[in-house]
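Next up: just one chain, as C-alpha cells, the form predicted alone.
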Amino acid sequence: MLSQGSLLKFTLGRLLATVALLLAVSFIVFTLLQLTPGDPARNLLGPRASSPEALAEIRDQYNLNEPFVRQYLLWLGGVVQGDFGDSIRSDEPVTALLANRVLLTMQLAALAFVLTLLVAVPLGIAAAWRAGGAIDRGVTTGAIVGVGAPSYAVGLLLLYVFGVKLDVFPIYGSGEGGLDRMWHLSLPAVTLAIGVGALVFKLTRTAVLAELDQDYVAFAQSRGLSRRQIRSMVLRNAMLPIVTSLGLVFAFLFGGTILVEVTFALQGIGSLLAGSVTFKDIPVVQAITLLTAAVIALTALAVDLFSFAADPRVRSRAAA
C-alpha cells in the first residue's frame, strides 16, 4: 500500500541525489574546460595584436585571474541566484542567450518525442504480438539500421531527398512560429526520432515478449479469456518498462540535438554549445551543460517516482 510518508521519503532522497549529481556534473565540466588548451581572453580579442592591459582587463572582468576553486565558487554562487554570468564571446547575459534558444530545442525534442511515441510503441507491441512474422522481421531489421545510423548522416539523406530533390520540406531555418515552425522542424524531428524510435521499438517489443512468456498468460488462456482481455493484462504489466524508456528517451532527445541542429542550421542550444566549446566560452558551456543535466536528472526523477507509485516491487526494494 502506497503511503504519503514513504512517497515523501523516497522523493526527498531522490531530490538530494539529483542535487548532488548536478553539483558533480558542473564541477567536472568546469574542470575539463579549465584543462582544455586556449585562452578565452585571447579568443575574445581575436587575431589582432593585444596589449597586456587589454588581456588583464578581460581576465578581471570574467574572473579568469582567480584561482580555479574560487572561479568555480563564484560561478556557483551566481547560479544559485539565477545569474549564469555573461558570455565571453558576445558579452550578453547567458540567461538571455539561452532564453532565445531553449524554446526551439524544446519544440524539436517534443516533436521528435511525439513521433517516437506514436510510431515506435505501437510497432513494438504489434511486432511482439506477432513475433516471428513478417511485420516483426521487417520492423526489427529497420530498427537495427535505425540504431546504427548516425543522426547527421540520416539528416543529410533526408535533406537531399525531401528538401532538395522532392522540394517538400524546407532545408534550413526554424520558420516564423506556429505551424510554419512545426513544418520547418519536421525533418529534424524525424531525424532524431529514427534513432531513438528504433531503440524504443526494441525495448517495447522486449517488454511485451517478456510478459507474454509469463505463467499468468497461459493461465488466462486456459480459463478461456478473450484475446482482448489477455492483451489488456499484458500491456498493463509491460507499461512500466515502456514508460521508463520513454522518459529516458525524452531526456536524451533534449541533450542530443547538437548534430541535428548543426545539420539543419537551427539556432537552438545545441548549435550554441558547439560554437561555445570551440570559442571556449566557459559561462555558456557551463550553463548549457547544467541545463541539460538538470533536464536529464529531473526526467529520471519523474520516472523513478512513477515507478515507485506504480510498482509495489520498487517500493519493497526501497524499503529494504
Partner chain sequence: MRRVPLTPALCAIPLLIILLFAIAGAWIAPNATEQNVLLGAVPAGSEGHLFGTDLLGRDILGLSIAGTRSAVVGPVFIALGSMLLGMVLGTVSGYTGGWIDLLLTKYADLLLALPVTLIALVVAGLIDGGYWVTVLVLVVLFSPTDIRLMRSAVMTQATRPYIESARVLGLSRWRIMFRHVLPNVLPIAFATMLLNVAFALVAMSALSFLGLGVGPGEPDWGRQLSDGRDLLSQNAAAVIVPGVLIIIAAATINLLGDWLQERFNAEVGVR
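This one's a predicted model, so the numbers in the text were calculated from it and none came from an experiment. Positions refer to the first chain, counted from 1.
Below, we turn to the form predicted in complex with the partner chain, even though it does not appear here.
*Asks:* For this chain shown on its own, do Val114, Ile125 and Leu199 all sit within 4.5 Å of the partner chain in the predicted complex, going by heavy atoms?
*Replies:* Not a single residue of the candidate spot has a heavy atom within 4.5 Å of the partner chain in the predicted complex.
*Asks:* Considering non-hydrogen atoms and a 4.5 Å limit, does the partner chain approach Ser51 in the predicted complex?
*Replies:* It does not: once the partner chain is placed as it appears in the predicted complex, Ser51 has no heavy atom within 4.5 Å of it.
*Asks:* Hey, in the predicted complex, does Tyr72 get a heavy atom within 4.5 angstroms of the partner chain?
*Replies:* Taking the distances in the predicted complex, the answer for Tyr72 is no, it never comes within 4.5 Å of the partner chain.
*Asks:* Would Leu159 sit within 4.5 Å of the partner chain in the predicted complex, counting heavy atoms only?
*Replies:* Yes - in the predicted complex, heavy atoms of Leu159 and the partner chain come within 4.5 Å of each other.
*Asks:* May I ask you to check whether Ala287 falls inside a 4.5 Å heavy atom distance of the partner chain in the predicted complex?
*Replies:* No, Ala287 stays farther than 4.5 Å from the partner chain in the predicted complex.
*Asks:* Within 4.5 Å, heavy atoms only, which of Ala207, Leu187, Val94, Val154 is in contact with the partner chain in the predicted complex?
*Replies:* Looking at the other structure, the residue within range turns out to be Val154.
*Asks:* Based on heavy atom distances of 4.5 Å or less, which listed stretch (97-105, 179-187, 77-85, 139-147) is in contact with the partner chain in the predicted complex?
*Replies:* One stretch meets the cut-off, namely 139-147.
*Asks:* Let me know which residues along 8-31 have a heavy atom within 4.5 Å of the partner chain in the predicted complex, or say none if there are none.
*Replies:* Going through 8-31 in order - heavy atoms within 4.5 Å of the partner chain in the predicted complex - the hits are Leu21, Ala24, Val25, Ile28.
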